[in-house]
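Presented as structure tokens, the chain that follows is alone, the form predicted alone.
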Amino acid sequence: MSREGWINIALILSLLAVPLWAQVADEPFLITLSTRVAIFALAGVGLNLALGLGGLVSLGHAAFFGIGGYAMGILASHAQSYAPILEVPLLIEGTKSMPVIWLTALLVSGLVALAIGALSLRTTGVYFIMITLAFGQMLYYFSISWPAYGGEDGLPIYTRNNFPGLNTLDPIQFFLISYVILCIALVFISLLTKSSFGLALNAARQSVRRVETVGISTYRVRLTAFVLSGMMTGLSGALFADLNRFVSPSMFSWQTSGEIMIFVILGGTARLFGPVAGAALFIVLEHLLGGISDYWLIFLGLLLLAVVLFARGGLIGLLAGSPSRSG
């Protein structure tokens, strides 16, 4: 096994060990921090599929993060108020079931990603960046002007949603749910990367003309990757909203898109466990430096600058002693 492989194993086991120790030590706050790491890492894994493997620099992934959050919020709020979402032409009611909410978040975020990607992927470079940002901001302002679900004040959910056989209000059990989903996503991306689809996507990032020469549609390959990326980010949004029991328009903001991208860059673009390392580092810095100064993001900016200039492989690449594979 390579050095990076051992680092990945140590990282994912550490993410599990910290909350288990916190459970024994009766430190629920550390469990919540670890849960945030797992959820943000899942969002980063989604973006890393588009950015790292596909070379698609998206500043609009908060759109999918927010859609997942609002999918949870809308379904849960109607369940707690016993008011149906729609009565005609079909009766659609709310639910507190996590699996149903996750499936809804995946489907809705996937459909929106399909629509956004179908338009955005007709552009390249800075135009692609700006059009994804524009779509994210459109949804942000739409959520602010949507009074039925809280508008700019957001939408509170009084109790956490249910998962069969588990007490989701128990911090360690909710962490384990998020952790298992993250592990499934990492396994999925690992298999996808090694598949013919993953090879085609990686090749399209390096040379569109060469891929199209052999008869592969780079547009379809990239669109598929963009949709899968959006679906994973949407699922992370549903988990994040469930963790906080609150949904707000800030989930759609460009700052959220920037943070998700920071997770990927800090950990290592195109590194399988890069988003996990990046999310963990971000949360640790936020916790430690945030208690020292309200301007802790300045230090984060300096660290990000150092990574971009001197450690192009991110934290994983630095520890593994190998350059970035993102080209």
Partner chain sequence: MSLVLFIEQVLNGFQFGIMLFLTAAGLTLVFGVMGLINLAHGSLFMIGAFAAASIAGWTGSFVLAIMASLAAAAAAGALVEVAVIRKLYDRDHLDQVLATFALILILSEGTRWIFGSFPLYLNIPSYLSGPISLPGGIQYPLYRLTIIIAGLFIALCLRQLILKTRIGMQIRAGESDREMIAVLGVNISWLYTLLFALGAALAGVAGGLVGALQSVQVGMGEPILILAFVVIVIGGIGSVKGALVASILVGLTDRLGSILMPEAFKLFLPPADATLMGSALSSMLIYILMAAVLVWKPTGLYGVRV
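These numbers were taken from a predicted model, which means no experiment stands behind them. Positions refer to the first chain, counted from 1.
Same protein, other form: the form predicted together with the partner chain, not shown, and the subject of what follows.
Contact between Ala50 and the partner chain in the model of the complex is not found at the 4.5 Å heavy atom cutoff. For the chain shown alone, Thr159 is not a contact residue for the partner chain in the model of the complex, no non-hydrogen atom being within 4.5 angstroms. Within 4.5 Å of any heavy atom of the partner chain in the model of the complex lies no heavy atom of Pro28.
Contact check for Thr269: a non-hydrogen atom falls within 4.5 Å of the partner chain in the model of the complex. Scanning Val112, Leu133, Leu176, Ile74 against the partner chain in the model of the complex with a 4.5 Å heavy atom cut-off leaves one residue, Leu133. Contact annotation: of the candidates Leu289, Leu33, Ile262, Leu281, the single residue with a non-hydrogen atom within 4.5 angstroms of the partner chain in the model of the complex is Ile262. Contact annotation: the partner chain lies within 4.5 Å of heavy atoms from the stretch 121-129 in the model of the complex, the single such stretch among 121-129, 102-110, 240-248, 161-169. Contacts of stretch 287-305 with the partner chain in the model of the complex, defined by any heavy atom lying within 4.5 Å, are made by Asp294, Tyr295, Leu297, Ile298, Leu300, Gly301, Leu302, Leu304, Leu305, listed in sequence order.
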